[in-house]
Each structure stands twice: as structure tokens, then as C-alpha cells.
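Take a look at this one chain, the form predicted on its own, written out in C-alpha cells.
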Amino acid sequence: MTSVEALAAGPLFGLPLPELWFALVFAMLGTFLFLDGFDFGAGAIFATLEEGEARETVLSAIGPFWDGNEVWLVVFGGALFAAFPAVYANLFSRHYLLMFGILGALILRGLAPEMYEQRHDERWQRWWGRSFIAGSVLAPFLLGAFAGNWLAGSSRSFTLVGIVVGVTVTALTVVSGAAFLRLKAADALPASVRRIGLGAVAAYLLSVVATLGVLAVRLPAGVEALLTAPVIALVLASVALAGGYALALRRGANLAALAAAAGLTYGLVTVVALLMYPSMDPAAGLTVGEAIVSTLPLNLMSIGAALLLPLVATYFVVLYSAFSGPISAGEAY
């Protein structure tokens, strides 16, 4: 048997590759929501600060990270396309308006800080500051709407479940953003950043309750889908993490607060994955096993992912190590 025939004969090492790729796709989505989430949250908090040094500090805090963090959105989309091409095609054609909206918001969020720093003119900076805020709020909201519609199997782009999940994700990014800004520039920003973080975590919990209520009506299995042991455990863990976040933020343990925000983000994505599985595209009725590519390309992709993902992770370790610690006073974007 040739090596190609061996790869086509069955899953690599007998592993459950379809399920592993399902988990990997959602892990990549969660990583993007956390890493770029605190950038989005910083942009939302930017709206509450007076023009001048405080806003410059926010831009300086996220400057080295935001463009690198977006890599995980590309990796998520690439993995979805490679492993579940039919799902990729269905989702992106079904919700193309949301896709264009997400891309537009990301472009605006990326362009605005660059333009903001080009001229120190009040009118110019006011315009680009508002653009930065709009991109930072719209991107997570629309991404949450996309995820909510995907889970609920909706063929429309704007639905009640999409709106409540969008609000939930947006509140979660503010939770992460407040912890990140306190970690990077606690002494250079007003105490209101901490209050915003505390308010955001309360808003997040309320949004989760609203989301679960809507899903109880919208999902085919109804309330029963939400009353499984893993989902209940994750919801209770999220409440505990929210409490730990609030306590850490009050005590100035900002790294612990950011870790709690990470737990909330991955917990939310895990709940979505659990509620969806074994379906991969509820609207089309495709399960994970039906949507996955054939054995040979699946095995080849798995080998490639095993080689490339550690390199991507190493890049981020180097990036965050190089720019660790609080930003210097007066540091520019």
C-alpha cells in the first residue's frame, strides 16, 4: 500500500478527526473573540474618555496587538473552509450581508487609529475617533449575530436570537477590554474604566440570561437542550468567573481579571458548540460527519495543522512577551 493509499484508507491514527476539527474550529473562534475582543472592548471604552491623553493611551495599549489578533479570524475562516466547505459556502452565502458588515467594521476599526494619528486637528480626530468606536462596537455585535443565526439555523441575517447574541458578545468584549486596559495602563487611565468593566460583566450576565431564554424558544429541542449537565455546568462556571472577575478588578488583580474574561469567552463559545453538536449547519440539516471533507484531504489537513498551529502559537508568545508590562507614560500609538 502506498502512502497516499494509506492516508485515504481511514482517519489518521484512528482518531475521531471530524469531531476534533469541529472542536478546533470553535477553539479558533473563541481565541479570536478573546484576543481581538479586548481590542474591541478598548474601542468601546475609548468612547467614554475625553479627547486627549486618555484616548492616546488606549490606542497605545492595543497598538502592538490588534492586527496580529485578527489572524485568528483568518485561521477560523480557513479551517471552516478547509474542513467543512459546504458549511462555509452555506453560511457565507446565507449571511453575506453580515459578512460584508463584519469586514467593513474590521476595516473601519483598523483604519481609524491610523488616520486619527495623522493630524492633531480637533474635527479630524473627532471624526476618526467616532469611526474607531463604530468599528469596535459593530464588529463584535455583527459577529455575535452571525454566530447566533448559525446556531439557531436561521436563514435571515437579522433575527431576535442574532440580536441578543450580538449584544452578549459586545458586552463580553467590554469586559475583556476593561481588564486589558487596567493591566496595561491602570495609572494612566481614569477609575471609570474599572466601573465600566464591572457594569459590563453585569450586563453580560443579563444578556446571557436573555440569550438562553430566546434559545429555549428558538432551538428545536427547546428547554431540554439547555438542561444538559455540561451546559448547566458551564453556565454556573460563568457566574463564578464573573464574580471572580469583579473581585479581581476591584482589588487591582488585573491579570486575574483578564484570565477570568478569557474563561467567560471560551465558556460562551463552548456552550454554542455543545448546543450545536452533532449538527454543523442546522439550517441545512448537515451533521459534522456529513459536512466533513473526505478522508485523504482531512488527513493531510490534520498533518498540516499539527505542524503550523504551534508556529502560530509561538508567534503570539513572542509578540506578547515583547510587549509585556504596562505601557510607558506618553507612549504613542
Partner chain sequence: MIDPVLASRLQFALTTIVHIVFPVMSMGLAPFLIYFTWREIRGGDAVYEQLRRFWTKIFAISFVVGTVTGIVLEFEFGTNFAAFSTAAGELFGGPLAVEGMMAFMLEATFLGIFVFGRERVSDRLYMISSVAVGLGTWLSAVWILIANSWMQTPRGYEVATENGQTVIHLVDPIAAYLNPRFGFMFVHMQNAAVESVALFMAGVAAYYVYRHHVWGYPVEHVAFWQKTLKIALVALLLTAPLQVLHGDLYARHVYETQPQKFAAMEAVWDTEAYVPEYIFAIPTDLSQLTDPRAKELFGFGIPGGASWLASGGNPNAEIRGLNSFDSEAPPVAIVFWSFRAMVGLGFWFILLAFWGGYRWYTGELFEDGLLHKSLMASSLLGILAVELGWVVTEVGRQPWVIQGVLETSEGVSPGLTGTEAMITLTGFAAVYTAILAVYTYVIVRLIRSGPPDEADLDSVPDRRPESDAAPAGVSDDD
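Numbering follows the first chain given and starts at 1. Computed from a predicted model, the values in this text were never measured in an experiment.
The same protein also exists as the form predicted in complex with the partner chain; that form is not shown, yet it is the one meant from here on.
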item: Partner-contacting position among 251, 156, 119, 123 - heavy atom within 4.5 Å of the partner chain in the predicted complex; value: 119
item: Contacting member of 82, 242, 164, 193, with respect to the partner chain in the predicted complex [4.5 Å, heavy atom]; value: 82
item: Partner contact for residue 296 in the predicted complex: the partner chain, 4.5 angstroms, heavy atom; value: yes
item: Touches the partner chain in the predicted complex: residue 127 (any heavy atom, 4.5 Å); value: no
item: Partner contact for residue 103 in the predicted complex: the partner chain, 4.5 angstroms, heavy atom; value: yes
item: Residue contact check: residue 283 to the partner chain in the predicted complex, 4.5 Å heavy atom; value: no
item: Which of 210-218, 258-266, 70-78, 193-201 lines the interface with the partner chain in the predicted complex (heavy atom within 4.5 Å); value: 70-78
item: Members of 85-102 lying within 4.5 angstroms of the partner chain, judged by heavy atom, in the predicted complex; value: 85, 86, 88, 89, 92, 93, 96, 97, 99, 100
